[in-house]
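Quick setup: one chain, the form predicted alone, written in structure tokens, and binding and motion questions come after.
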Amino acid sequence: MTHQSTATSLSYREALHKAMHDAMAGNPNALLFGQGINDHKGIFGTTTGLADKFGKHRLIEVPLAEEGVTGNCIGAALNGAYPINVHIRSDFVLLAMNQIINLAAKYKYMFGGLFDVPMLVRLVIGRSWGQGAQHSQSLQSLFAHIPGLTVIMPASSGSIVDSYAHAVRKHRGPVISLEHRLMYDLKFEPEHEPVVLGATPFSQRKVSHGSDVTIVSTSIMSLEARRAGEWLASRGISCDIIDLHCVSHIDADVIMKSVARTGKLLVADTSWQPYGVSAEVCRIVAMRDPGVLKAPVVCMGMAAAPCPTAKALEDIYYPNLTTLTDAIATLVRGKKDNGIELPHERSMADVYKKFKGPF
């Protein structure tokens, strides 16, 4: 796979491959760990050919032993290496929660700042081809709750390249990144990349500027929010969209400045609403200045149940362009019968990726 400059268009998959290549090439102590990392599919094409260039001693095929492998990664990080641990399903990392939460996140604090644990954990999230309840969870809020972890959800090729490079070169702590499987084949043009609003590539990114409603969104929901915003723009509704790129360290000032201008807030996340990212954004607004709101906050995410396997049920389980557009229009106009024509689209999976098999 050739590597293109970020000045040209890159697919999400190509950006991930570039990020992995650049990490290995730029840091001789970088190591890649993962199940299937060296097979012909190369973790959905994100590590293909890297073992031939950098050696299998640096791209390490691992057994079904997530906790042990994560412990190895932590030990490597403590001894000067930069491990990148890839999980082809975010669900699998649940087997390594003790290592990540009790060790990686706490080493620096417990030893008075003498030890750093720089490492990157890549988790693939999102709906797929009948993956069901145990293979399609979006677990960002579990990790974002833990001090010592940085949790990001890249929503474009540019954010992949920028944030992964920052993690490998400059960040001295553990980073958890959740990559949405439906975006892997999408091409992103550089002129459409979001603008970084904060001091680092981990910061929030502005997707569009508007005056009627603030939409705070994560991962692929930032793309859905943009599509909904484009639909509504021609129908008299202007959306201010913020891509919540870093869910563990939210820039409250960015959100509050936007909500103070629009007076209305919708949060669109890839996971469940209770105790999640949506709840955290609401907490920020409620504690900072709830008086800026002219209407109750609207939250969207997965239905409060395990994910069904059947596609017909899965389509109902997740929000889509129609339900998102309807929720935005209702919030702005203040009534359900708002006169806004809605797009007719049942499933984002039919738009972003056609599945031919389970992997």
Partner chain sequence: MNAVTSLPRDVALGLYRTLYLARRCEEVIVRIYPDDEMKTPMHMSMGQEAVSVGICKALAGNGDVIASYRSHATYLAHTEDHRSFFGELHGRTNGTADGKSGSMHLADIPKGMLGASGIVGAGIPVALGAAFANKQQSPGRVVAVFFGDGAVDEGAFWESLNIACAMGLPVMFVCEDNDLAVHTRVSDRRGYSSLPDVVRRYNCMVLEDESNDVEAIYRLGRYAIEQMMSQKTPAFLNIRTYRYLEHCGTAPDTDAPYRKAAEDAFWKGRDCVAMQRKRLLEGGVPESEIVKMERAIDADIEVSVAAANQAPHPGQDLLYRGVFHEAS
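Numbering follows the first chain given and starts at 1. What you are looking at is a predicted structure, and each value in this text was computed from that prediction instead of being measured.
Missing here is the form predicted together with the partner chain; even so, the following discussion is about that form.
For the three residues 91, 95 and 317, a heavy atom within 4.5 Å of the partner chain turns up in the model of the complex in every case. The contact residue chosen from 290, 334, 49, 306 relative to the partner chain in the model of the complex is 306, the criterion being a non-hydrogen atom within 4.5 angstroms. Note on contacts: among 296, 55, 28, 63, the single residue with a heavy atom within 4.5 Å of the partner chain in the model of the complex is 63.
Contact check for residue 200: no non-hydrogen atom falls within 4.5 Å of the partner chain in the model of the complex. Within this chain, residue 130 lines the site of the partner chain in the model of the complex, having a heavy atom no more than 4.5 Å away. Contact check for residue 249: no non-hydrogen atom falls within 4.5 Å of the partner chain in the model of the complex. When contacts are judged by a 4.5 Å heavy atom cut-off, residue 135 counts as touching the partner chain in the model of the complex.
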